[in-house]
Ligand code: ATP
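Next up: a single chain in structure tokens, the form predicted on its own.
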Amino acid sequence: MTRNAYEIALMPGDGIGPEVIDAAVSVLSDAAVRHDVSLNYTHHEAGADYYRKTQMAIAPETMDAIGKADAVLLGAMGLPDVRYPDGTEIAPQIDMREHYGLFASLRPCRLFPGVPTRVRAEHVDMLVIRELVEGLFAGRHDKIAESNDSCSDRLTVSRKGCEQLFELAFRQAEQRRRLHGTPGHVTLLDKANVLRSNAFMRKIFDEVAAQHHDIATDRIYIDAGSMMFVTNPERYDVVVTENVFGDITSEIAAGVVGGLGVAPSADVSETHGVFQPSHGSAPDIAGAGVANPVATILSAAMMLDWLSEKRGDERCSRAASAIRAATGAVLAGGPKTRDIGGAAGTREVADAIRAALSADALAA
């Protein structure tokens, strides 16, 4: 049976974004061919450099176009020296979250053999789920009076936002247990002892948890829970939390497993998905060919898994598994980029992963 091709919107963005997207697409395309997955790519401009040229972070027609794609693969956006008049950075990825209701960021953090860590841990395999459109980002567009004496941001938590976030967290715990043998456990990180919004969030978490008796749960205050990311990261399976708390703890989790260069992510709703590395645009090394492409390559694998789930297409799932296995093999034996103890460049690592894909296919 002939199936239609998946339409993938590529958004290379700023800094090292084009380099890691190019590397990831080379791996993604090889895996797709080997597993009979047809992909069509379209390229779209957005980000700080685009803003510098047009005074727009993302054009309206681009925002419309990416919404019609089956998925978006994004490199990195933002440059520290390009800012809006209010001093904030250019961040069209946040505009995309708000426009398409991408309410959750999925940040898997797995410690691969061969990747150095400063933490005493061996079997770290967690998923940090960060709420994306509420919490302390809810008032991002609020009008405030200019003052030299004070400034405030609004923190908002809604029942609808919590319910969809927690249902996703429990589904992810069930799916991870079924597919990867993880414990089937969800931890809520909050500050319910002080913040009324977080006490409300914990109440709704308890309500949703009561509908998932087969999934174990914990509720931990964010300060103690953050410490445990470093002292006992192996305790975590799925972690779910408020927007800014998740922004911080997902970076800690990435640091535990070797850094942002090996940390993929996805911003998702029930209908749309944007897949991107957790790192930024790193303009200091842009164009040098030394950026680590692994996070973007693993983000592409996440994209295939998401397409498999949404479309019931096992070919995508097999291609995703092949990418992860090939990437794991290269991380274990090299070559590796300098951020994780090697000396290889972006293209050398991508080519090694492509070779591992080929070797795996021949062995099969």
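From 1 onward, residues are counted along the sequence shown. As the structure is a prediction and not an experimental result, all values here were calculated from the model.
The form predicted together with adenosine-5'-triphosphate (ATP) is left out here; the points below concern that form.
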Inset, instruction - With heavy atoms only and a cut-off of 4.5 Å, decide whether Ile16 touches adenosine-5'-triphosphate (ATP) in the predicted complex. - result: yes
Legend entry - Gly289 within 4.5 Å of adenosine-5'-triphosphate (ATP) in the predicted complex, heavy atoms: no
Legend entry - Distance check, Gly225 to adenosine-5'-triphosphate (ATP) in the predicted complex, heavy atom within 4.5 Å: no
Legend entry - Partner contact for Asp284 in the predicted complex: adenosine-5'-triphosphate (ATP), 4.5 angstroms, heavy atom: yes
Inset, instruction - Considering adenosine-5'-triphosphate (ATP) in the predicted complex, find the one stretch among 108 to 116, 207 to 215, 184 to 192, 276 to 284 with heavy atoms no farther than 4.5 Å from it. - result: 276 to 284
Legend entry - Partner-contacting position among Leu260, Cys162, Val124, Ile129 - heavy atom within 4.5 Å of adenosine-5'-triphosphate (ATP) in the predicted complex: Leu260
Legend entry - Residue among Asp339, Asp49, Asp305, Asp70 with a heavy atom within 4.5 Å of adenosine-5'-triphosphate (ATP) in the predicted complex: Asp339
Legend entry - Residues in 215 to 236 with any heavy atom within 4.5 Å of adenosine-5'-triphosphate (ATP) in the predicted complex: none
